[in-house]
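Only one chain is included here, represented as structure tokens and corresponding to the form predicted alone.
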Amino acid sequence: MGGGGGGSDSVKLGFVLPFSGTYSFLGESIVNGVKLRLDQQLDGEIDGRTVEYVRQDTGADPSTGASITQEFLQSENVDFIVGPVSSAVAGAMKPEIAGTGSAIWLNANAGNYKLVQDNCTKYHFRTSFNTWQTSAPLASFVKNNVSDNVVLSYANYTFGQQSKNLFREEFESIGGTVVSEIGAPLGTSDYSSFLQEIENSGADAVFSFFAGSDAVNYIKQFSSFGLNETMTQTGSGFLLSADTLQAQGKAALGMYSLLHYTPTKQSDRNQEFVDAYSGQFDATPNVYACQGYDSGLAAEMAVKEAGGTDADTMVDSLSGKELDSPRGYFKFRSSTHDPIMDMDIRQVVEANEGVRNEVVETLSKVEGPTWGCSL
């Protein structure tokens, strides 16, 4: 099956993203990134075809995401689905996209590796990351540079559980010791009991996954509790990201994290992106904006290489291809359509604006498992 289409002279993108609630800022950042590439830098056209958009709000509800996807595919005849943010929403969307086979799915955030493990579909291209990439590769750095023993602390839901499990698996495989693990409910405001457990673990370092307001509260309380003086905090990059770091402030100083995009990354390509984004939106781009921008790059490549919007031809046009991403090296892996990409290990340092992430090491062309997917 192939051929979605907003008409022979147009390319239509459907944003299936949260525009209300906790994750609305993430959804808007992804849209900004897409439009920076397609509207501002390509003047609203790809290969002579006018770019059109439709958008609807998923919130964080999987059934809403599935119904919007169905509507976009069957009534709006979109060529690309861009989104979602939540992995649970992505899981509900996948059967709709795989079954219809009429559009390319540019997954601009949902990192759940099971999207690839369970019935992977050729129409799914991840312009973001998978859970393994933002957790497991940090294990060697921690073991070799920080400590050979850690305690795991995490937001106790699917993505947090995957992150700590994948880090643990890699850390133990290279001889590290996990002395304990502590899960906290999403939306925890008082971490004191969890921090006491971390202190009692006797570990020299911590690996964590928290994001958003949870990351802000956890990091500020970690330092207020005095643990930053006795233990080294490490974690997935969402723990110390551009959208949380200023609120975390000096409480985050010295902490390490791993992520695929860092706005302070020193490269001409990234500086060009940062300047363009800041000029258009009066804000520093975050990782979600980069994922949106790369979704725009992927749509551009797919249409140009395919000479149109036939979905199956566009699949062949993207599989195994590289994007000129601000994040660094980026290639769609042929067997899974997940990215092979550079990953940055960062440390929080003082800066004129307060604090910022400084890249201390870049891991080149990080792949990870295929989880049995062979497209």
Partner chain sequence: MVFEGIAKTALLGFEMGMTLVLVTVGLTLIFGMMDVINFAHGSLYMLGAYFGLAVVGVTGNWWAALLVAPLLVGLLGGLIEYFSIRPLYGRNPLYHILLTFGFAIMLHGLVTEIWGGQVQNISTPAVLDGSVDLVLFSYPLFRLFVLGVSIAVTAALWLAIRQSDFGIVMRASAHDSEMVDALGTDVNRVFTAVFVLGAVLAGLAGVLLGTARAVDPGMAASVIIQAFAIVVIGGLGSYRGAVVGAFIVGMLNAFGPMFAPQFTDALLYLLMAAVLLVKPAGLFGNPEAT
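The model shown is predicted, which means the values in this text are computed figures rather than measured ones. Positions refer to the first chain, counted from 1.
Another form exists, predicted in complex with its partner chain; not displayed. Remarks below refer to it.
Stretch-level contact check against its partner chain in the model of the complex with heavy atoms at 4.5 Å: of 239-247, 77-85, 140-148, 126-134, the positive one is 239-247. For the three marked residues, G307, D316 and E322, no heavy atom of any sits within 4.5 Å of its partner chain in the model of the complex. The closest non-hydrogen atom of G354 lies beyond 4.5 Å of its partner chain in the model of the complex.
Shown alone here, K220 lies within 4.5 Å of its partner chain in the model of the complex, counting heavy atoms only.
Taking non-hydrogen atoms only, D190 approaches its partner chain to within 4.5 angstroms in the model of the complex. In the model of the complex, its partner chain stays beyond 4.5 Å of every heavy atom belonging to S10. Note on contacts: among G254, G183, G279, P95, the single residue with a heavy atom within 4.5 Å of its partner chain in the model of the complex is G183. Of the listed positions (T230, Q117, N156, Q271), a single one reaches within 4.5 angstroms of its partner chain by any non-hydrogen atom in the model of the complex, namely N156.
In the model of the complex, its partner chain lies within 4.5 angstroms of at least one heavy atom of each of the following residues of 201-229: G212, S213, V216, N217, K220, Q221, S224, F225, in sequence order.
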